[in-house]
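Just the one chain here, laid out as structure tokens, in the form predicted on its own.
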């Protein structure tokens, strides 16, 4: 098991919430379990771990930054990029947010017929742009084909991409297991069997140090 003593690691976890009003939001079903497992495994191997998350964090992780929106997460991650040896972007960041967020709760009778959406910050692209000598691992949650994940691995500038089909049995949001495919920037894909999220995290940290060459 590779030793991570002296390494600084940043992990993101959970799904962002993009407010429509103080009560309602646009989001996704991410539980944060995969990101938590990755952070816990890195901590167990001796790394100094920072967890940027929208969900409850494990008690053993000392550096926890709680965020809510994609913009919050972008600010928290981008401000810490240059201090990291590895960044693992396991959070399920909303790709879109309401263009207008209301300060008070919208009444049913006055709710807009259409909610206009706008893109959220591309946090992964910003990490790659700002990094110096750190490794970057991205995640891609897909439904069915992983072709878009392969394109993402080739275009985003990551060192490794972890993709999964959230419609597959035991691999969706909130499960304790995951079935992932490891994709490298050259487009090669290595499917892993269905594993617990803790086992996925362990295998990832077995691989990541070797990416430093």
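Numbering follows the first chain given and starts at 1. Because the structure is predicted, anything quoted here is derived from the model rather than measured.
Below, we refer to the form predicted together with cytidine-5'-triphosphate (CTP), which is not included among the displayed structures.
Only one segment in the set 168-176, 28-36, 146-154, 53-61 has any non-hydrogen atom within 4.5 angstroms of cytidine-5'-triphosphate (CTP) in the predicted bound form, and it is 146-154. Shown here without its partner, the chain carries 10, 65 and 81, none of which come within 4.5 Å of cytidine-5'-triphosphate (CTP) in the predicted bound form through any heavy atom. Contact annotation for residue 121: at least one heavy atom lies within 4.5 Å of cytidine-5'-triphosphate (CTP) in the predicted bound form. Remark: residue 75 does not count among the residues lining cytidine-5'-triphosphate (CTP) in the predicted bound form, judged by a heavy atom distance of 4.5 Å or less. In the predicted bound form, no heavy atom of residue 85 sits within 4.5 Å of cytidine-5'-triphosphate (CTP). In the predicted bound form, residue 140 approaches cytidine-5'-triphosphate (CTP) with a heavy atom inside 4.5 Å.
Of the residues in 85-104, those that come within 4.5 Å of cytidine-5'-triphosphate (CTP) in the predicted bound form through at least one heavy atom are, in sequence order, 89, 91, 93, 94, 95.
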